[in-house]
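Listed next as structure tokens: two forms of one protein chain, kept apart as structure 1 and structure 2.
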Structure 1
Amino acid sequence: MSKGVHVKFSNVSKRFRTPKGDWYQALKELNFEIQPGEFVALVGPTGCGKSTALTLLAGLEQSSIGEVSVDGTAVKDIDIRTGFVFQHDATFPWMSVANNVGAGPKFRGLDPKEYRPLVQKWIAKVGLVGFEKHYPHQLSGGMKKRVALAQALINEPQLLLMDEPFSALDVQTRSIMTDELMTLWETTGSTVLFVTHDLEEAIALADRVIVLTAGPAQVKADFKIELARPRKAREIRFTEEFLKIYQNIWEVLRDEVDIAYQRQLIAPSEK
């Protein structure tokens, strides 16, 4: 049983070079903490900086100012205790489904005899039995996403970062994967940071929902979700309590979504 890690963003700012040569600021003095074993959902308007926050935490990029730390140590490089489900397809095109799912254990030098049953178990969990020998280009978008999920989850990461992991899935698979994720999280106790555009999903899954402002992202609000666990993700959406929470968060989020949308309308005529 792995134990979740503690995460802290202290005054984190991040800027990027734009194609035109000037700077674009994606994160501005971002501050929040995640307790070990906590499940946090990150929501915010499109383009606000959610994926950027995840890449910093995964050690794929460095912050410009401020510090991202895991268990009190600044993140300087990739750490294999971290699992990452990318927003866009990152499966390996030259590996079959089975080899993609087994890539983590193989890279980590585990004995194939040991991890092969595990691979088979995960392939079954994500509903890809019969597709073991297929290559990614022979799969649908949703199937690729499921390969990516199995690929990340098989390593039972202590810190799980998920960037819209269920966005390409149909409703049924989505609810199966949601339940799987819940079970996994409850048994491993890992820390999860989950990016989604689906506020219902965020509330149904998370202990806390953090709302980010339109870019550059700052923490706009931080909601504790006091719904009892274990939750039945499918049924909980219709309870009074849930709807109230939804109303509260949406009120805050809507303003930011509006700002981002207005900007998109103005942006082209500005130049």
Structure 2
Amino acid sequence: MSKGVHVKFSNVSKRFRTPKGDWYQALKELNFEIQPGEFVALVGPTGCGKSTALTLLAGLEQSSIGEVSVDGTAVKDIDIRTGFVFQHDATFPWMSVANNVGAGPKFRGLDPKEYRPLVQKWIAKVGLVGFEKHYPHQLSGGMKKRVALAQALINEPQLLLMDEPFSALDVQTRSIMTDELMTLWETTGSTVLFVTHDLEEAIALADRVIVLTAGPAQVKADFKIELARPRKAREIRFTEEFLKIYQNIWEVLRDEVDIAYQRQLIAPSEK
């Protein structure tokens, strides 16, 4: 089992130069922490800066002001301890399922004799035994997402970043994958930061749900999800306790969604 890490955003601001040459501020004085092994979901309106926070933590971008740190060390580059599951498929189309799952260990220079048993282990964990020689174009959307999860988790990441990984799936498959993710995460001990627009998904998965403002992103509220584990997303969503938590968070999130929507209506007239 991998040991999770401590994550901290300290007064983090991020600005980008727009194609017109202006500055766009995505994050403003963003502050929050994630404890080792904790599963935290970020929710907020479209374009509020959720994915930007992930890219800073992944070391793909640097903050303009403030510091993002892992175990007390500022994130300056991509860290071998970090795994990333993207919104869109990130599998290699020319590789079989087995080779996709084993890509990480291979690129890290491990001996094939050492990682091949791990490949088979993770293929079994994500329910793809019998599909080892298939290629991504021969798989369903849910199966490709299982490959992506195995591809990330085989490296035993101490920090797992997920950017709306199930958004392209149908409702039924998405619910199944949510349960699969919870089962896999409970065996790894990784620290997780999960970005989603789906509040039900966030509550079903997370220990905490952090609500961001419409942008530039700041923490508006931080909710502890006191639902017993292990959880089954397909069952827990209908409980009275779940519905109460959903209502409490939505009361806070709704205003930010309205603000973002009004901005979208005004924006075209300003161009």
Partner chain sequence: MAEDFLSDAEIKRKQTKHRINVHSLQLAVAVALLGSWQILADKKILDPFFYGRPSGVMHQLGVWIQHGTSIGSIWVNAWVTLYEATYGFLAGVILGIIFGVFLARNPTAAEIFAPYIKVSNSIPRVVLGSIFVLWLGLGSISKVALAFVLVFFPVFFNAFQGTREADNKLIANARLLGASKRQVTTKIVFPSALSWITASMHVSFGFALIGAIVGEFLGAQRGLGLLIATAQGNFNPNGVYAAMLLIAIMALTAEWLITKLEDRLLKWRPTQVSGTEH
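We call the rigid core the largest set of C-alpha positions that still match within 1.5 Å between the two forms. Numbering for residues begins at 1 and runs along the sequence of structure 1. All of these numbers come straight from a predicted model, not from anything done at the bench.
In this comparison the chain labelled structure 2 is the form predicted alone, and the other chain is not. Within the set Phe194, Thr82, Cys48, Val211, the hinge between the two rigid parts that rotate between structures 1 and 2 is located at Thr82.
Two rigid parts make up the chain, and between structures 1 and 2 the smaller of them rotates against the larger by 16 degrees on C-alpha superposition. Fit the two forms on the rigid core and the C-alpha of Lys121 turns out 4.8 Å off between structures 1 and 2.
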